[in-house]
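Let's start with one chain on its own, the form predicted on its own, as structure tokens.
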Amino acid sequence: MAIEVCGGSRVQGSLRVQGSKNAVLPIMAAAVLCQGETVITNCPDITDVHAMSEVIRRIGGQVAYEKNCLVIDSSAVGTGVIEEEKVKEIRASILFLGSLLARFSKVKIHYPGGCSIGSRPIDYHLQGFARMGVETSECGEYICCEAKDGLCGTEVSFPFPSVGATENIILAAVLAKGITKIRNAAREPEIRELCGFLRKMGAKIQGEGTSSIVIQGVARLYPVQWKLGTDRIALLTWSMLTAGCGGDVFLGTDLWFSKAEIEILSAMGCHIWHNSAGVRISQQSVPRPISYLCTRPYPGFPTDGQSLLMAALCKGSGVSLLEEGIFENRFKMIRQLKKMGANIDAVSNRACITGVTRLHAADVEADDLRSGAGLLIAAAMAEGVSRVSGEQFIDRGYEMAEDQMRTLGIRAGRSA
């Protein structure tokens, strides 16, 4: 299977932006902290959600999904042992370490998988758990963690503001004895949403959105209903599609861009407006170059947006310089873009993109989620019909991306 895209035309129309992938996955892990039925609305219909759902079923939970509503009943969750192979398919499965340690004090879980964008070790997670009284060992391909005397509040300081490690320590700390302080915590909006969800469950948390988060452990958490916010990377995806192809698009969302994203979109020549219903983006010229950008932890420009930006800059004026400051393998997409006629030179973690007047259709292959989205953007900018394979990566984070593209006037569909 592949996604076929007939490119070369401008985009127009309106689109409702899906719920947040990067928020729903830690929230799903948080749902097993309580006993009872948790309801999550505006939940994206993506394969990562379904893989996490299968993991919850394998440890005794019940999960139902219909029309962007996810219902998790964790009443019968009875073990911290996860031997399900699905764990290897999804990086966020590591978040069950924190929530199941909090609930059972003992966890066995397969090393997580996901996209091949870098090594992404879990050292920070395990070092934080050790500070909370957790002993860790390796059992073949499994991680075995146990807090023999229960989880204890402590101070955890990260050398780097890791999103996953911050989430995992929060999930463990909400039911731990005493107070846990996280220093150099990640500040991403998804951290704020996870903390808001946990607070509604009865957790005591302060400081999310800053580099210092304080959690007072409580005895029990309760099931709740929660509406997910907009997926900020999906919003950026359709915005970069507009920036690259040109056109005028309205995106239904409750979210506004970060300062770093606004600066980049504006520098590319986009005009942006927003109101309570969403965001309107207009691009009347070819993308203007970006003299220099380095991806950074929030509030910097997101690493997940780098592939999207690179694709949009391929067909435009001038020379752009991008530096990847988070993951070492984010430039694997360059070889695929060159098949379309892109002019890109890369050394180490820096890429120099010289805009060209046209891109041509080609058969290309994604090997991670965001490179897949970037290749869809490039295919929409190229003349002719391109085939983007590796659609299983795209499905991890986007609700039927080809349907979204058709909504914006691009001919796209799946082929064998």
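Numbering starts at 1 and follows the sequence shown. Here the structure is a predicted model, which means the values were calculated and not measured.
Here the subject shifts to the form predicted in complex with a small molecule, a form of this protein not shown in this document.
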Identify, from the list Phe250, Phe104, Phe257, Phe327, the residue with a heavy atom within 4.5 Å of the small molecule in the model of the complex. Phe327
Quick one: of Thr303, Ser282, Thr154, Asn184, which gets a non-hydrogen atom within 4.5 angstroms of the small molecule in the model of the complex? Thr303
Answer range among 306-314, 240-248, 217-225, 156-164 for contact with the small molecule, defined in the model of the complex as heavy atoms within 4.5 Å: 156-164
Counting only non-hydrogen atoms and a 4.5 angstroms cut-off, does Val17 reach the small molecule in the model of the complex? no
With the cut-off set at 4.5 Å between non-hydrogen atoms, does Asn22 touch the small molecule in the model of the complex? yes
Touches the small molecule in the model of the complex: Tyr142 (any heavy atom, 4.5 Å): no
Can you tell me whether Ile122 touches the small molecule? I mean in the model of the complex, with a 4.5 angstroms heavy atom cut-off. yes
